[in-house]
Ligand code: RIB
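Below you'll find only one chain, the form predicted on its own, shown as C-alpha cells.
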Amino acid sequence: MELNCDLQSIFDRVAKTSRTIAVLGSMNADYTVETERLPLPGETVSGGPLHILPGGKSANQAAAASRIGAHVMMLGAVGDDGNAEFLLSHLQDAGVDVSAVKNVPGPSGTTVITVDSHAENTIVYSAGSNAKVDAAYAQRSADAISGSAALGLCLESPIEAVNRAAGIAHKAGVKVLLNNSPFRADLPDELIADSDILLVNEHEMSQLLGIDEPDDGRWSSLDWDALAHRMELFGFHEAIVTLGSQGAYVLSSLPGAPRSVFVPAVAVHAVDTTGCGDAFMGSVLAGITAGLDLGQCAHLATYVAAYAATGVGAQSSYGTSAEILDRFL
C-alpha cells in the first residue's frame, strides 16, 4: 500500500498541538571534517576546515521536532566544559526546553565525523556526560516523562536509563518511540514490552530480524507484509524502517491497520546526510504528538529529513516548517 498525504495540513496539525514531547538521551559536540573520500584503515587523507557543530542523536531529534513547531523538553546531561553552554544554547535557539538538563563534572559528549564528497560519513562517538544519564536521573524525570504525549529514546545513553524511562512512560500511557541506534541486537525484553513503535534503518532491521539484505539493493523487492509479522513476533506491533533514498516502510500488526505502507523518498541533491535519521525521528515524534497516524508521520519525516540532507551538519541543517514547505511545495 502507498500513501497520499497533504504536507501543508500535516505541518498545520503539528503547529496547533499543545502537547509535549520528552526526549531523553544524548547531547554531543560534533567535530566534523569534509574530505574527498573516507580514509582506509591506517590511511591519512587531507580534509577541509574543522567545523564544531551541535549534535547528539537525542538532541538532534529534539531540535528537529521543535524546529517544525512541536513543544519539546530535553532530558539528559552536559559536562562542565566549554561545550556544555554551546550545546544548550543551540537547543534553546531551536526552541527546546532545556530546564531539566543536568550539569555533571567532566567533558560533554562528543563525536568525530568525516564526510566525503558523496555525502557519506563515518562517526566515532565518545559518551562523556551522556554516560551519566542513569536510571536515577530517569526516575527523577518521571513527572516530565509522564506529562508528555510521546517519549523519544535512542541508545546513546546507558540502557538502564532507557529502560527506566520507557517503563515510566508505558505506565503513564505515553507513546514510546524507540530508535535502535547505535544498534544492538540484544534489546532488553522489558524495553521491547514498554516501547510502542520501533524506528530502524534497513540494515538495522535485517540484523534485528536475521534476514538477508537483497543482493541487488532493491529493498522494495522484499515481502514487507511478512516482515511486519516477523516484527510482531519480535515484540513490536508498529515499526518504521527507513531506506535512505529508497523511501521508508511503515509496518503494523494492529487490528484494522495495513500490514505495510510504502512512503516514497523525496529526491534532493544531498550535501551531508549526518543527522538525517535523527531529523526523521524527531518529525515522527512531532507527528505522534499531533495525533497523526504513523503513515502520515513518516510522510512528514521524509520531507524534514530530505531538507536536512541539503545542509551541513545535523541541527545546523534542520529547517522550520515554512522553510521546508518553501523548498518542496
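Residue indices: 1-based, along the sequence shown. Keep in mind that this is a model prediction, so the values were computed, not measured.
Below, we turn to the form predicted in complex with ligand RIB, even though it does not appear here.
- Using a 4.5 Å cut-off to ligand RIB in the predicted complex, not one of 180, 232 and 251 places a heavy atom inside that distance.
- Of the residues given (305, 314, 21, 24), 314 alone sits with a heavy atom within 4.5 Å of ligand RIB in the predicted complex.
- Among the residues 206, 114, 111, 83, the one placing a heavy atom within 4.5 Å of ligand RIB in the predicted complex is 111.
- Between 297-305, 51-59, 283-291, 261-269, the stretch whose residues reach within 4.5 angstroms of ligand RIB in the predicted complex through a non-hydrogen atom is 51-59.
- In the predicted complex, ligand RIB lies within 4.5 Å of some heavy atom of residue 156.
- Residue contact with ligand RIB in the predicted complex: residue 123 places a heavy atom within 4.5 Å of it.
- For the partner-free chain shown, 274, 275, 278 of 272-290 come within 4.5 angstroms of ligand RIB in the predicted complex, judged by any non-hydrogen atom.
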